[in-house]
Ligand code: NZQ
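One chain comes next, on its own, written out as structure tokens in the form predicted on its own.
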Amino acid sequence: MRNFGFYAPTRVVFGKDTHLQVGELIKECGGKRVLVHYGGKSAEDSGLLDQVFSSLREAGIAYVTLGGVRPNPRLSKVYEGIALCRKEGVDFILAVGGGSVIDSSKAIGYGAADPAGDVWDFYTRARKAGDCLPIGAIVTIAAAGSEMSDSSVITNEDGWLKRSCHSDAGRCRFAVLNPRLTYTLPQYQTESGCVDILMHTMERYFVNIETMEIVDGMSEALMQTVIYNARILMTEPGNYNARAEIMWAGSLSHNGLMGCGTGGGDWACHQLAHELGGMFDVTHGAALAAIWGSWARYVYEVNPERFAQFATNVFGISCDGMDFEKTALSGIEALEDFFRSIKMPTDLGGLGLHLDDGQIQELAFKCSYEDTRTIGMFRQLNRKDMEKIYHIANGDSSLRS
């Protein structure tokens, strides 16, 4: 049994119309001048921003706005937000959106609270973030779980590097989760979000160490819940109960609970997918679906029993005669079948990518931090391993070993 720590200080306000409480929530946190940070026109066109502004005015809170956050949020927007916070004397940041907006808000908060240096230093690990403006979130996309995690991921346009920063200082003070705010999402975004949620648990689940039975049980139940409700949303996008299950699963999947006793998790698929997002601006959840099967077939032989447990407890596949390898491969195929059922890719071609050798080498070079690190815990992967996995996902099945 491994030692672990668990810290989840974010206040959650869940349910219908809960976003109307945002003014009072910020007031309770001591916020007086707020940056409202958001993405595209959907927040404006839906009337959500007008409702947020009304709640802020009713609470006597001044605000400034900054929109334009894109998927795979950009460092240039972060710099713009930092400058605006300093100019306007902002003391609180409200993220209205999904993981990209929340991650961008965290980065702005780090930079605004630390005027001496470059916020990008926190993402290259040259410095450690020690302070952050307080942040609250109104979540409009169930996916990243950033509203309850310590992480933020930003893309630097100079080299198209996608890097993460982890700090308890950036944890949201509160997260408003209203499933109705996700109704207008396109199907592709909804299902990509479901994959991201699923993978946040799977990254912690697929470790090659002894784990806790209680955590395994919670993880397997969460994965089953996401799979079941993701399928419902394919035909019933307005199903409130399914939306609610997915939204709460998103927060639970990435608040650290599913990682207790797992040694931190594997995260190789996330690292590989981050580079695809950085270089080709693809949707993160879809990138994870496209890379997972290739990673799984490359590493499962290290501990086929773990993959067999996944197959049996999540998909109900019988492990006849204790044939762990056969059951493991059946579980991998079952998850890929699920991805197909929700119209998610299972290879790079499904992302519209057909990479040449040079592009694959560049991806692996960046993912390995210029050949200075390995990734993964289930099996450690060096730069050459990364290249092979990208090649497999690109259609070369001869490298599966």
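Just so it is clear, the model here is predicted, and its values are computed rather than measured. All residue numbers are counted from 1 along the displayed sequence.
Beyond the structure shown, there is the form predicted together with 5,6-dihydroxy-NADP (NZQ), which is absent from this document and is the topic of what follows.
*Asks:* Do His354 and 5,6-dihydroxy-NADP (NZQ) share at least one heavy atom pair within 4.5 Å in the model of the complex?
*Replies:* No, His354 stays farther than 4.5 Å from 5,6-dihydroxy-NADP (NZQ) in the model of the complex.
*Asks:* Give a yes/no on whether Gly99 approaches 5,6-dihydroxy-NADP (NZQ) to within 4.5 Å in the model of the complex, heavy atoms considered.
*Replies:* Judged by the heavy-atom cut-off of 4.5 Å, Gly99 is in contact with 5,6-dihydroxy-NADP (NZQ) in the model of the complex.
*Asks:* Taking any heavy atom pair closer than or equal to 4.5 Å as contact, tell me whether Leu185 reaches 5,6-dihydroxy-NADP (NZQ) in the model of the complex.
*Replies:* So Leu185 counts as contacting 5,6-dihydroxy-NADP (NZQ).
*Asks:* If you check in the model of the complex, is Gly259 within 4.5 Å of 5,6-dihydroxy-NADP (NZQ), heavy atoms only?
*Replies:* Close contact is absent here: in the model of the complex, Gly259 is far from 5,6-dihydroxy-NADP (NZQ), nothing within 4.5 Å, heavy atoms only.
*Asks:* Name the stretch, out of 145-153, 298-306, 205-213, 313-321, where some heavy atom lies within 4.5 Å of 5,6-dihydroxy-NADP (NZQ) in the model of the complex.
*Replies:* Partner-contacting stretch among the options: 145-153.
*Asks:* At 4.5 angstroms, heavy atoms only, are Arg2, Arg173 and Ser251 all close to 5,6-dihydroxy-NADP (NZQ) in the model of the complex?
*Replies:* No, none of Arg2, Arg173 and Ser251 comes within 4.5 Å of 5,6-dihydroxy-NADP (NZQ) in the model of the complex.
*Asks:* Going by heavy atom distances of 4.5 angstroms or less, which of Leu222, Cys132, Leu181, Leu233 would be at the interface with 5,6-dihydroxy-NADP (NZQ) in the model of the complex?
*Replies:* Filtering the options by heavy-atom distance leaves Leu181.
*Asks:* Please identify the residue among Asn239, Ser330, Ser167, Gln189 with any heavy atom within 4.5 Å of 5,6-dihydroxy-NADP (NZQ) in the model of the complex.
*Replies:* Checking each option against 5,6-dihydroxy-NADP (NZQ) in the model of the complex, the one that comes within 4.5 Å is Gln189.
*Asks:* Within 4.5 Å of 5,6-dihydroxy-NADP (NZQ) in the model of the complex, which residues of 51-88 have a heavy atom? Give them in sequence order, or say none.
*Replies:* Sequence-ordered list: Val69, Pro71, Asn72, Pro73.
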